[in-house]
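This document starts with one chain, in the form predicted alone, laid out as structure tokens.
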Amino acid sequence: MSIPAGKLPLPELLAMKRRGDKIVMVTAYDAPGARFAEDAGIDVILVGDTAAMVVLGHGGTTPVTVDEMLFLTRTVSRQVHRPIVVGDLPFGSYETSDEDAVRTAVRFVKEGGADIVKLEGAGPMVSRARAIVEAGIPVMGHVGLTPQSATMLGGFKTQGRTAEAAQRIVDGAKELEAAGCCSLVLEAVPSPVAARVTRELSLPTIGIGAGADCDGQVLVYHDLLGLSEGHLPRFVKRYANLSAEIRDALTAYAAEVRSGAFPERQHTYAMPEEEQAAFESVSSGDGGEHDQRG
């Protein structure tokens, strides 16, 4: 399928669902990552609060601040032309009231350049989503495993594995659709649950650990490229092993600097011979006495 030029219009996501065209989403947090994603034909870039872990070095997503997320969102949005940019509202920036939610969402559009904002959870968060939509800002919902509230969910575990829990996910997804959300992330839920949500909702679903029946898929940039190390969720597929390549490159660089092998002649700049001679003459003091007499 050819990739059209120009900004992907938001209604195209719904059209893709109706046509059966899979939506491709990936996270990005900096200018190179955003450019690489656009060059690869990615449809949607999520500037996720996973930045807290993969960029800022925290153990979870909750420590990242609004200002940090705005900085990253602005960096990504100024680099891309076609992909839809989603700004992830960080923990503590929208939960307390509809007013806070709208205020934060407006900042992500005005200051961050986001096309859509994303928030986690259903229940009380349905009101937050509705308020943001009514303010004229598109909202992406997120149900299943919601990392910002992972402690309440018993940790980073699959959600919806019982009939009752699965039904709560379906009901929450429908509430978010009724609130006006334009799309929905389904994270770490059994594939039959995601398939039902996708089938019964008119809005597009984006899966992460939710099976192949979702309307699209998302992975974390650092995970799929092999930049993340240690244990990774079962749903992650590594398409490269860049951490090993980067470490090898840095090790080779350090060794060459220490041995004197780098820089070589081709890595240095020369001067015209006459200018070098004049420079060396001045440096050796040949012109110094003249300057003093003058």
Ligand code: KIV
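This one's a predicted model, so the numbers in the text were calculated from it and none came from an experiment. Residue indices: 1-based, along the sequence shown.
Keep in mind the form predicted in complex with 3-methyl-2-oxobutanoic acid is missing from the figure; the text below concerns it.
- Interface residue among L72, C214, V218, I132 relative to 3-methyl-2-oxobutanoic acid in the predicted complex, by the heavy atom within 4.5 Å criterion: V218.
- In the predicted complex, 3-methyl-2-oxobutanoic acid sits within 4.5 Å of a heavy atom belonging to K118.
- 3-methyl-2-oxobutanoic acid in the predicted complex comes within 4.5 Å of a heavy atom belonging to I208.
- None of the heavy atoms of I45 is located within 4.5 Å of 3-methyl-2-oxobutanoic acid in the predicted complex.
- In the predicted complex, 3-methyl-2-oxobutanoic acid stays beyond 4.5 Å of every heavy atom belonging to V86.
- Picking from 36 to 44, 225 to 233, 249 to 257, 49 to 57 the stretch near 3-methyl-2-oxobutanoic acid in the predicted complex, with a 4.5 Å limit on heavy atoms, gives 49 to 57.
- Along 23 to 42, a non-hydrogen atom within 4.5 Å of 3-methyl-2-oxobutanoic acid in the predicted complex is carried by T27, Y29, in order along the sequence.
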